[in-house]
Ligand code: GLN
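First comes one chain, alone, set out as structure tokens in the form predicted alone.
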Amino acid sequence: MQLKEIKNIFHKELGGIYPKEEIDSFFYSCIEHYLKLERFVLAVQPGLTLIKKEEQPLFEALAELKLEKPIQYILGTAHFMDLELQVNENVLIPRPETEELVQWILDTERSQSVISTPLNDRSLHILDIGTGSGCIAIALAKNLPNAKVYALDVSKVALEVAQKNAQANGVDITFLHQDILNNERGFPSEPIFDIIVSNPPYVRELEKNQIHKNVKDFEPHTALFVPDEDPMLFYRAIIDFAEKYLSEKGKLYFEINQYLGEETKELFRTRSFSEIELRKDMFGNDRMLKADRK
């Protein structure tokens, strides 16, 4: 079958589910991944014909796309900043909003280096809580080469994914299998971290009807949802942890629920933090928060 015919089938089968531009993106991502063909191949070889063996993975991917399975899980890869990461149903798919959180950390550290020790000469200790695919920890380790980065998750299978991603991207990260809601074991008695960052579960059960099917049906619920009656569960636990293990003048960064920005900020006002800053994401939603240890 000609490749252009398969492209037409993608549009016919997926047209009622996804916009045209997204279907094009799916198709070209599939031929890049499975056939190692560049996106412009149809422009230079409009009559390109595939054999059955080459067609098979494209049609298998199409069947999964019809179920609204995320393309990242189908292909097993996702992009985050300048990284390529392995992903599966045990970890969240990295999102652009989380890239903004990492960029905020990097920008803050770079500006700090102008007025104090140069960035490459500074030794930072960083902890990523709820690391999932490892996207935050790996991006920070890549961009802050002198930093000692730790990454924690309650899920062993998520940590296996993160470890593979760290190795593939050439960074050295210490991975910790631990539940932040029960963190009495495994840490020293004095503060050691200069930066603690987390994208914890924050979507309330009542918000499930606003979540797209491709997220709700395929991404890990333990990494997404919190009880309606206690949406600040993980933030409180991480703040408790930070009060023990964040160094003097250390910084705590969160990704947050867009509907609970002021409530999350208020939580910090009652604790040992100052310089509390709420920041919007590219879509204009309250999405990130930074607080400094007093």
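Throughout, we count residues from 1 along the sequence that is shown. The shown structure was predicted, so the numbers you read here are calculated from the model rather than taken from an experiment.
Heads up, the form predicted together with this ligand isn't pictured, but that's what we're talking about next.
Consider the chain as shown here, without its partner, and state which of Val161, Ala223, Leu176, Leu83 has a heavy atom within 4.5 Å of this ligand in the model of the complex.
-> Going through each option in turn, the one that passes is Ala223.
Which of these residues, Ile195, Leu92, Val149, Ala78, gets a heavy atom within 4.5 Å of this ligand in the model of the complex?
-> When this ligand is considered in the model of the complex, the option within 4.5 Å is Leu92.
Should Val215 be counted as a contact of this ligand in the model of the complex, where contact means heavy atoms within 4.5 Å?
-> Val215: yes, in contact with this ligand in the model of the complex.
Close approach of Val203 to this ligand in the model of the complex, 4.5 Å, heavy atom | Residue-level check for Val203: yes, a contact with this ligand.
Closest heavy atom of Gln72 to this ligand in the model of the complex, within 4.5 Å or not?
-> No.
Even though this ligand is not shown here, does Asn165 get within 4.5 Å of it in the model of the complex, heavy atoms only?
-> No, no contact at 4.5 Å.
Of the listed stretches (151-159, 165-173, 195-203, 131-139), which one has a non-hydrogen atom within 4.5 Å of this ligand in the model of the complex?
-> Stretch 195-203 is the one.
Enumerate the residues of 244-272 that have a non-hydrogen atom within 4.5 Å of this ligand in the model of the complex, in sequence order, or give none.
-> Residue within 4.5 Å: Glu255 only.
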